[in-house]
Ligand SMILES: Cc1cc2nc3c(=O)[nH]c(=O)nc-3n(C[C@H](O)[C@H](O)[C@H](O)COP(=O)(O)O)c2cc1C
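Next up: just one chain, as structure tokens, the form predicted on its own.
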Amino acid sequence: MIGIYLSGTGNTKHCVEKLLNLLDDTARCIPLETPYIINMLENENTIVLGYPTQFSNAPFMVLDFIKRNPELWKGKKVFCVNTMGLFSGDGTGCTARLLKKYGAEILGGLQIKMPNSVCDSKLLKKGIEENRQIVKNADKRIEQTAEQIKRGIYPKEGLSFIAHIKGLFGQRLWFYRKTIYYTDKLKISDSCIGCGLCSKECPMKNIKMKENRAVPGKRCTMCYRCISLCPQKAITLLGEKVQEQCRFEKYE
């Protein structure tokens, strides 16, 4: 068994690592951008795939990775995990349907509410104690799920036809253009001091350093990692100002 994840602010990383540790404390858990990840996955039969939901869709980086490696999934057993700030619909189903197309067996799906990770919007913002309670509730759900899986019972959250309809009409149709490709909307203000942290941490290597300044490219996967880490709060995506840097570590 192996866990792979895309995680910008640490929410999904925490959830996948916790679930895997409860199921098999010897299993590896690695980010999607890990070098040689293909070789690692080829040698594993069971995969836990985790990612945050974006407008009731999986991040394009995740979908793109699946599509670029179609032969990898044949015969694999995959359990899909997605994290959400409020609503997911069929967040797990978005990858499950694609994986099945390439020959994977979908074991199940788990959709977990976590603190909102969109740093440059006031929408869904909550106080630190409320977010800590959200994390506690998530941990309890993960523990319950692990016990179910040990008994051979896999949750099927987000995989049904009804969930598909909810996700499609709840958000995905209206915001499809935001998630169908990588985005070129990342903005870096004059507050940038050229520390290079964003360039180092970007999973897509989308940010380059030029003349001691960070310059965004056109392949942002909207993970919010750079925005949540920037010491100057100089980076935005959906909004115009950083409201809160939402790192998981704040809520532990």
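Each residue number is its position in the shown sequence, starting from 1. Owing to the predicted nature of the structure, the values given are computational and were not obtained by experimental measurement.
If you look for the form predicted together with this ligand, you will not find it shown, but the lines that follow are about it.
Interface residue among Tyr102, Tyr154, Tyr176, Phe87 relative to this ligand in the model of the complex, by the heavy atom within 4.5 Å criterion: Phe87. The closest non-hydrogen atom of Asn131 lies beyond 4.5 Å of this ligand in the model of the complex. At a distance threshold of 4.5 angstroms between non-hydrogen atoms, Ser117 is in contact with this ligand in the model of the complex. For the chain shown alone, Ile66 is not a contact residue for this ligand in the model of the complex, no non-hydrogen atom being within 4.5 angstroms. Contact check for Ile4: no non-hydrogen atom falls within 4.5 Å of this ligand in the model of the complex.
The stretch in contact with this ligand in the model of the complex, judged by heavy atoms within 4.5 Å, is 76-84, chosen from 90-98, 76-84, 157-165, 144-152.
Heavy atoms of every residue among Gly10, Phe55 and Leu238 are located within 4.5 Å of this ligand in the model of the complex. Residues Met222, Cys223, Tyr224, Leu238 of 216-251 are found to place at least one heavy atom within 4.5 Å of this ligand in the model of the complex.
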